[in-house]
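Only one chain is given next, in structure tokens, and it is the form predicted on its own.
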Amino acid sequence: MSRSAEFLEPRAARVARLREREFDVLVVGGGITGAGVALDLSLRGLSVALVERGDWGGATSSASSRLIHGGLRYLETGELALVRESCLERALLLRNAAGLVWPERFLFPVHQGARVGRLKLSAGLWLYTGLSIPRALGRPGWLSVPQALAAVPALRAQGLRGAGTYLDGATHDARLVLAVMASAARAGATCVSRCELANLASGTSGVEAGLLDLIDGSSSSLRARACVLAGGPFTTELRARAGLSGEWMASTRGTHITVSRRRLPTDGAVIFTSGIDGRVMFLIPWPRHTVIGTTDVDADPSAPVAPSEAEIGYLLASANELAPAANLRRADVVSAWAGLRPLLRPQQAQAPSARSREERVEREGRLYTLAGGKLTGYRAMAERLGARIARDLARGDASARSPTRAHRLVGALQNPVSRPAWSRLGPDGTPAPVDIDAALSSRYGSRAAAVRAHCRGLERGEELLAPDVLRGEHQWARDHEDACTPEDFLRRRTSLAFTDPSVGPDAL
């Protein structure tokens, strides 16, 4: 396979193409939604330009809970259609992004007097499984008290009745966005990050966009027959630049923290209800660390997005209530991060956690706005919009079933993978040691061998920057994955910023 078919072209070549040609569709926003739309339209045979003012997935799409799941908690709010679609999409991603998305075992501990008891949980898990047919991942199960304590050694034993188990999916969210964008580029899309939409004019024959290159400061214009605004929580701001009005979003902030896996080991992920306010929360295994999340508080997209001490305290208190033997303290927090959920503004006042995750699409002339949704359902959202645009423009494949249903993403392995080793506990109840080859595989999938060879060819390239990161990976990220700043590498190409503050100076 040639370099152009497998990796991104140099940025200069992509910028030149933006300035030289007219496109069928301009997609603005390089999170998972915009990248998914660009891939769908490209595979339908339309010419596509995708621009992003920051890094790929640099906002919402790199600050999620890193789960590819149906959303078990949405059963309680009756959003069965959303759950079913997400479960079906989960199965497609486990196949089409194998290695970049992997199956994960979830445990749901049940204590005496809990809001969700064994009968309610069992009914919910079977309904969850039923909604996944014909792409169910397996039957739910039940762990006895000793089995539950073996899976989560710090779990509160008092009143414990056991734990339900089921399978869902997990991913490195930012790298999934990168794979979708790279797949769009391989399908013919021109994708440029650090390129901001300054203004947008729409007419009967198409749109003209003013673009600002944030690398060299140059301005240019681009013409397209249509434009998709996919700004996530920043949709209202993006629409204003296009001369459109209306408040679309009611975003909320979600904060996560990481602690050492040795402080809070789990065999798989854990879903539980907070003993503080009853919210559904997660413990998610990550190499050498456990992620605890998440909060759900109103947020202003125009303000800096950062975790508050109150949220960090809430996460620690909730985890300690579930697993008191861990006895987590503020000093145990290795890192904390926050992101904005792109939630639609409800018709009437609702609590943040009750707001719908459904999508909204509006067409105004040649402008389409797409907002809402969740990480797992990005492909289905793009499929619906892609068919509509192809039909409206009378160009390309306008069928309801998109080619993305069977399209393997760049880096996807040919065969499905099993749970990674870091998700498991050894016979002695301690986390499995980190294996660099497994870590590379989960980051790069089928390209892991090429990354290893690249690092081998660099002086000190195969030295360990961290137990699960090679020193030479930063050059790979720069040369092949559009990383433009240290933050791109530390936060989104790897997770060093979230897991290894001790290597920060060396990594920088």
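Only a predicted model underlies this, so the values are computations on that prediction, with no experimental measurement involved. Position 1 is the first residue in the sequence shown; the rest follow in order.
Omitted here: the form predicted together with a small molecule. The next part is about that form.
Asker: Pick from 94, 340, 125, 226: which has a non-hydrogen atom within 4.5 Å of the small molecule in the predicted bound form?
Answerer: The option sitting close enough to the partner is 340.
Asker: Just give me the single entry in 259, 238, 409, 83 that has a non-hydrogen atom within 4.5 angstroms of the small molecule in the predicted bound form.
Answerer: Contact check passes for 238.
Asker: Please determine whether each residue of 29, 32 and 61 possesses a non-hydrogen atom within 4.5 angstroms of the small molecule in the predicted bound form.
Answerer: Yes: 29, 32 and 61 each sit within 4.5 Å of the small molecule in the predicted bound form.
Asker: So in the predicted bound form, is the small molecule close enough to residue 65 to count as touching (4.5 Å, heavy atoms)?
Answerer: So residue 65 counts as contacting the small molecule.
Asker: Please tell me whether any heavy atom belonging to residue 420 falls inside 4.5 Å of a heavy atom of the small molecule, as the geometry stands in the predicted bound form.
Answerer: Contact with the small molecule, no.
Asker: Quick one: does residue 231 come within 4.5 Å of the small molecule in the predicted bound form, counting heavy atoms only?
Answerer: Yes - in the predicted bound form, heavy atoms of residue 231 and the small molecule come within 4.5 Å of each other.
Asker: Residue-level question: is residue 452 within 4.5 Å of the small molecule in the predicted bound form, judged on heavy atoms?
Answerer: Taking the distances in the predicted bound form, the answer for residue 452 is no, it never comes within 4.5 Å of the small molecule.
Asker: Heavy atoms within 4.5 Å of the small molecule in the predicted bound form: which stretch in 148 to 156, 395 to 403, 194 to 202, 427 to 435 meets that?
Answerer: Heavy-atom contact with the partner occurs in 194 to 202.
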